[in-house]
Each structure stands twice: as structure tokens, then as C-alpha cells.
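For reference, the chain that follows is the form predicted on its own, supplied as C-alpha cells.
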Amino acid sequence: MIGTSLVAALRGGGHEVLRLVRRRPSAPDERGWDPPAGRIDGGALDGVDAVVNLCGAGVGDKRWSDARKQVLLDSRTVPTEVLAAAVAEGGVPALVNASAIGYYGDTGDEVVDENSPSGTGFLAGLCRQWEAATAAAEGRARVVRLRTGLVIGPSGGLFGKIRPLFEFFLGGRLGDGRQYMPWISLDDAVAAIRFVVEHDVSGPVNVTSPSPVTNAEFTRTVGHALHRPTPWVAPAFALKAVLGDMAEEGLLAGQRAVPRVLEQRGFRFLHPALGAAVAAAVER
């Protein structure tokens, strides 16, 4: 979802974009690579100003078995290691690499920014290893680590998953609803990535809106935008019974994270408030 929108935005801004594909390239803008084999087509990064890596299997797509956790880890660290090495060897000036706001663990109502320490749990550990996989490029290129929140767009991502539930009058809060949700609109997520590609920014960057909300507030806002009541509650014990660790860390935990770096560097949000972001997603 993010990558497709980012390519369009970069091209609309006058950039030439090449796409790395894991099959045989079939278009002039495609270059081949095979992350498990550590291979990228020769010359694929020649003349490239920045590499943007958004690889990673969906965290919320399946229950977290031990095997699934390994997939989540490998699908992030292996491509990142390959690209970081290629960036360093090829003299590419910048590597913009995905990470996630789960880096901070469950922070309750404490406000966290890019200077806050990493938390505990599977997701925090996953993000630490993901970010560490950029090591080969550190000191050789400008490295940005995108700690992205929950992206709200017209299809796909978080909103794509929950919209049908709300439309069928099944929307409701998760547990006590007090966990914070560090969200960002798709438009702002794409604009933020383009911003760090085009500006001299490095290190961790929280790709979130400046106004995180609790799950209860999020639920009310989505219900209002879709003209649906939200009386239901998914009890914590039921979520844990069905989803295990994924419920504990992915649904019932949260981060009151703010985008300090983007704000300090002068980035302007199109949708700083949740209501406007949800309305924009609904109207498309």
C-alpha cells in the first residue's frame, strides 16, 4: 500500500524511480533481486541517489506461531542486510529503511519520541534487529529508520481491515480502550518518506501524526465517519485466547508516540487530526 503510493508521489515530484522485483524484470523501470540468495542485478543501483526499503511480511496477517515469528523477522532483516551492503558497496548516498513504532514496546500514556529507549516484547525486539540490519550502510551512507505507525488509507492497512467490521455494525473498542494508537494518514506517511529522501535527515524518524489517540477515541471517530454506532467491546481475555501474543502486543498495547524529528525539521502534516484522516479515507 505505502510503496505503490510512494512510487506515484516520487514520480509526480519529478524523480525517476526504479523498482526491485523478485521475479524476472519485465519493464524498463524494474531491476531483479533475490534477497535470500543475497543477489541484486549487476548495476541495479548505479546512479541511484537513495534506496527505500519497505520489505516485511504483515505483522497482523496471521497468528504468531514460532514459525510465523521467524518469517516476520527474516522477511525484514534479510532484505535489509542485502540492501545495506549494496548501498555501502555501490556508494549510494542514502538508505531509507522501514521500521515500526513497536520499537518502543507498550508505553502506556507516556509520550515517547525518537530519543526514547526501546521496549520489551517480541515487536520491540523485532524492530531492534530490523534496524540493526542496516549496519553495513552506517557511516557509508545517510541511513534513515522509519518507525511507522498505523497507516490509514482508503484500502489496505489498518483501515482496510476494520472498515468492513464497522460497516456491518461490528465496530467496537479493544479491551479497555485506553491503549494509544500512533496513527498516520497514508498521504502523510508517503509525504514523510519523500521528505526524508529529499532532505538531510538521518537516524530514527517516527512516521506518525502529532496527535496519537486512545483506542476508544479511535473507535468513536471511525464509527462517526462511517455513520455507525460502536457499542461493542472485544474483551482482552477473548482476544488473547484467539490471537495469543499478537493480541497482547499488537492490539492491547500501544505507544503514545509523537513525530518529534519531522516537526523539528519543518514537515507539515496534511491530516494532523484523526477525524480529517478518516474522512479522507472514507471519501476516496
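Each residue number is its position in the shown sequence, starting from 1. Just so it is clear, the model here is predicted, and its values are computed rather than measured.
Keep in mind the form predicted together with a small molecule is missing from the figure; the text below concerns it.
Undergrad: Okay, which stretch from 87-95, 150-158, 135-143, 166-174 lines the small molecule in the predicted complex, with non-hydrogen atoms inside 4.5 Å?
TA: This holds for exactly one stretch, 150-158.
Undergrad: Taking I2, S75 and A100 as the candidate spot, are all three within 4.5 angstroms of the small molecule in the predicted complex by heavy atoms?
TA: Result yes, every residue of the spot touches the small molecule.
Undergrad: Between R22, H15, R265, R19, only one gets a heavy atom within 4.5 angstroms of the small molecule in the predicted complex; which residue is that?
TA: Of the listed residues, the single hit is R22.
Undergrad: Indicate whether the small molecule has at least one heavy atom within 4.5 Å of a heavy atom of P79 in the predicted complex.
TA: Judged by the heavy-atom cut-off of 4.5 Å, P79 is in contact with the small molecule in the predicted complex.
Undergrad: Give a yes or no for G223: in the predicted complex, does one of its heavy atoms lie within 4.5 Å of a heavy atom belonging to the small molecule?
TA: Heavy-atom contact with the small molecule at 4.5 Å: absent for G223.
Undergrad: Using a 4.5 angstroms cut-off on non-hydrogen atoms, would Y180 count as touching the small molecule in the predicted complex?
TA: Contact check for Y180: no, nothing within 4.5 Å of the small molecule in the predicted complex.
Undergrad: M246 near the small molecule in the predicted complex, any heavy atom under 4.5 Å?
TA: No.
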